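What follows is one chain in C-alpha cells, specifically the form predicted alone.
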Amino acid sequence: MIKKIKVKSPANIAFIKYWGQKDNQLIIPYNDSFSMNLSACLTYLEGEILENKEIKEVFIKDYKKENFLKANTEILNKIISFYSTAKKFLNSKKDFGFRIYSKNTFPKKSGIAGSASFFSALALFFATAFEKKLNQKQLSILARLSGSGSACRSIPDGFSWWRKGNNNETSYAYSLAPPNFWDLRDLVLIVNPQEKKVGSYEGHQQATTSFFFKFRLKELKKRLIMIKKAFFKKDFSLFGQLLEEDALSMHIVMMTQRPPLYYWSEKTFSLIKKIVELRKSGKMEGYYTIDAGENIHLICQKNDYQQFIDYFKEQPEILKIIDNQPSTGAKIIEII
C-alpha cells in the first residue's frame, strides 16, 4: 500500500498564451497555446496517504520562507474539490485522507505560473494515490480539470502544445519537442515577488467583455501557424517577434475587459524599453513576454544569456533573476 508520494513539477512560460475560457467548468480555452517548461521554477510536493479519510490537510512553504504554514480555507477547498474531480475522472471507489506539503522555488501568484506547477504536481499525486496509471494525454486532461488550465502544459516534457479541443477528451497538451531541441533560456526578471490582487482564474471569466477579444482570436490563427514554423526552423528573430506580439495582444485584452486588469507597473514598462533598446543596439538579442503579472520573462538563446544576466543584475528595478532552461514535465521523485 502506498503511504507517501513525492512529486516535482515545473512552471511553464507560454509563448502563445490563452486568455478566456469557452467552458468555465471544464476549463476549455478559445485557442491553442504553446509553452516551455522551466528548469528552475519548480513545485516540490510531498503527500502522505492516510487511512482516516476525514483528514485532508495542506501545508505550504512560500518562497524564501522558513516554515510550512497551513493552507487557508480557499486553497484547501480548491484542493479538496480537485480530489473529488480526480476520483470521478479516474472512476475510483477508493477513498483516503491526505496530508500534503508543498514548496516552490519561486514566488507564487506573481505571473510565473505557480498554479500550473502546483496543480500539475497535484494531478500526478492524486493519480498515483488512486493507483491509476494514466498516459500523458489523460494526465494532462486531469491537470486541466484542476481549474488551472495551464497546468496541463506542465505535464509533457520540454515544449508543450495545448490543443484547445472542443470537449473534455480533445482538450489536452502534448510535447511538441523535447527539452534539448532548442537551448532557449528564460530569465525571469523579478521586480515584485508579492501576490497579485486579481488571480488569473478570475480574470479569465471576463476576457470576452473586451472589444479586442475577437480580433485577438482572429490574429491567433495565423500567429500559431507562424510560430510553429519559426520554432522548428529555429528562426529566433521571427520567433521572438511573434511571442512579443502575443504578450501585448493578451494584455490589451486584459486592459480593455470589464473590469479592466492592469498587471504592469512602471518597472515592467522600464524593463520592456531596456530589452528593446538592447536588441536594437545589436549587442544582444532577447525578447520579452509577460504572463498575468508584473514580472517579465526574457527569452534569449544560450550565446546571449550570460550577457543579459550581467546587464540586468545591475538594473535597479530587479530584485532577482531566475535562470531557466527547457525542462522535463511533472515527475514522481519517490513512492514509499
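Bear in mind that the values here come from a model prediction, so they are computed numbers and not experimental data. For every residue, the number given is its place in the sequence shown, counted from 1.
If you look for the form predicted in complex with a small molecule, you will not find it shown, but the lines that follow are about it.
This chain is drawn without the small molecule; in the model of the complex, the residue among I296, I275, A292, M36 with a heavy atom within 4.5 Å of it is A292. The partner is absent here, but in the model of the complex a heavy atom of M250, alone among L189, M250, L243, L122, sits within 4.5 Å of the small molecule. Mapping the unseen interface onto this chain, G147 counts among the residues with a heavy atom inside 4.5 Å of the small molecule in the model of the complex. Within this chain, K132 is remote from the site of the small molecule in the model of the complex, having no heavy atom within 4.5 Å.
Using a 4.5 angstroms limit between non-hydrogen atoms, S140 is distant from the small molecule in the model of the complex.
Contact annotation for S200: at least one heavy atom lies within 4.5 Å of the small molecule in the model of the complex. Only one segment in the set 150-158, 179-187, 90-98, 222-230 has residues whose heavy atoms sit within 4.5 Å of the small molecule in the model of the complex; it is 150-158.
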